[in-house]
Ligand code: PMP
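One chain is shown next in structure tokens, namely the form predicted on its own.
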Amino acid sequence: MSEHHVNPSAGDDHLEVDPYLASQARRETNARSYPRRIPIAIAKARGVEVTDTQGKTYLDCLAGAGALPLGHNHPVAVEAIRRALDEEVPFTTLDLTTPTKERFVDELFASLPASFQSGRIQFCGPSGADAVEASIKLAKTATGRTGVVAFSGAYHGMTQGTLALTSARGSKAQLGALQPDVHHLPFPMAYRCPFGLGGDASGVAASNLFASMLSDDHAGFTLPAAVIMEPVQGEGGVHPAPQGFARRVAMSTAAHGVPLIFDEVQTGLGRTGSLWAFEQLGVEPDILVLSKAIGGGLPVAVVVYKDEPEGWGPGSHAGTFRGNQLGLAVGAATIAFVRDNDLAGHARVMGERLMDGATLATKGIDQIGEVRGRGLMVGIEIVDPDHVDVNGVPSPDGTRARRIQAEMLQRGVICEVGGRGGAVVRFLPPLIIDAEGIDRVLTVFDDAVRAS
């Protein structure tokens, strides 16, 4: 561990910090989260690496929670900013159009399947949560219904409305974010199956239950305004949706006239090994929510839908910074670069290298429950083999996962933890990471597991 850190999992009172960290602890609220587990002050960054104020360099496998597909200060992003400044583009324009905005729309629609080419786009406030809120508002307006179906393990944001869609109890109850018109149904997981089945049977059981809830007039709730799903659950512990499950959900929603929303805020633009994660499922949503990577690290959030919904009129959704021109300039350049250089394919290959390497390195270690993910969205669940849940699966061990995270930070790799009990060590490196970088992550992870 570097000399200016003690225990990254401890509270602020137990950290030996530099002046920047001390100032942050003194002036920012207790709501801050990442600095408690990753207590560094970043001075500069380039590519897949960041350097802190003490001069130590880290390989960044957090990458702004996936918002930096090209890493830090990529030449494509820097040039896009410089060109926009040279052209004297306005910084923000509400929803007034500009050539910069048109370029962004052109690049985004060119990257989507043909069925979206005649669709519409709504620019939202610059966070993914605001775009999720807009998508729900859109569906409720179009259908005239109020209920929403989400899934266990879901994460859709931290606003009041998106907290209701998010499944983790945490701050939901104390904030009153438990809304009676939001229903959470089981999400299939091969390892920690909610039905105690595991494997492919988990997806079959979950899809059967979902279909029954929509078709059975004794199921206990009326048809919802929308169903919202992540193709790969990120904060929930990196759980990819099985293809069969996703297809059955899409068939059921279509049969009952319920809009299907895919939240691709974290999975979008190459992260999972295809430009859009839904492409691997063989399913197309009615409404697509995008943010993070589509801005290349700058704030951009949009909702894309195939048809103009009935009743969605002028001013139905607004936001001061929905016209962030620098974000749109960088976003257009980033989308083009990811597509033209097949970074999705590169992410698929590098993700396989990471998952295969982690599986091999941890073979026989009882504390490793499962290695899972898609592309460069990878999670490794840490478990306590001495304690099992009601289905006989080892319990999540968040304490050891945080120790592994701290050991990795000491050795120069930034990663995150999440999932049930905070027991999943998560990796979201920039899509430009190479084989050497992946092997460095694997070596550090192996050392951290054995040291924890």
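When you see a residue number, it is the position in the sequence shown, counting from 1. Note that the structure is a prediction, hence the values are computed from the model and not measured.
There is another form of the same protein, the form predicted together with the ligand; it is not shown, and what comes next is about it.
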Checklist entry - Does at least one non-hydrogen atom of Thr100 fall within 4.5 angstroms of the ligand in the predicted complex? => result no
Checklist entry - With a 4.5 Å heavy atom cut-off, would you call His156 a contact of the ligand in the predicted complex? => result yes
Checklist entry - So in the predicted complex, does any heavy atom of Glu381 sit within 4.5 Å of the ligand? => result no
Next on the checklist: If we define contact as a non-hydrogen atom of the residue within 4.5 angstroms of the partner, is Ala129 a contact of the ligand in the predicted complex?
Outcome noted: yes
Checklist entry - Of the options Gln266, Ser202, Gln122, Thr253, which one has a non-hydrogen atom that comes within 4.5 Å of the ligand in the predicted complex? => result Gln266
Checklist entry - Among 156 to 164, 111 to 119, 192 to 200, 331 to 339, which stretch has residues with heavy atoms no more than 4.5 Å from the ligand in the predicted complex? => result 156 to 164
Checklist entry - Which residues, if any, of 288 to 303 lie within 4.5 Å of the ligand in the predicted complex when only heavy atoms count? => result Lys292
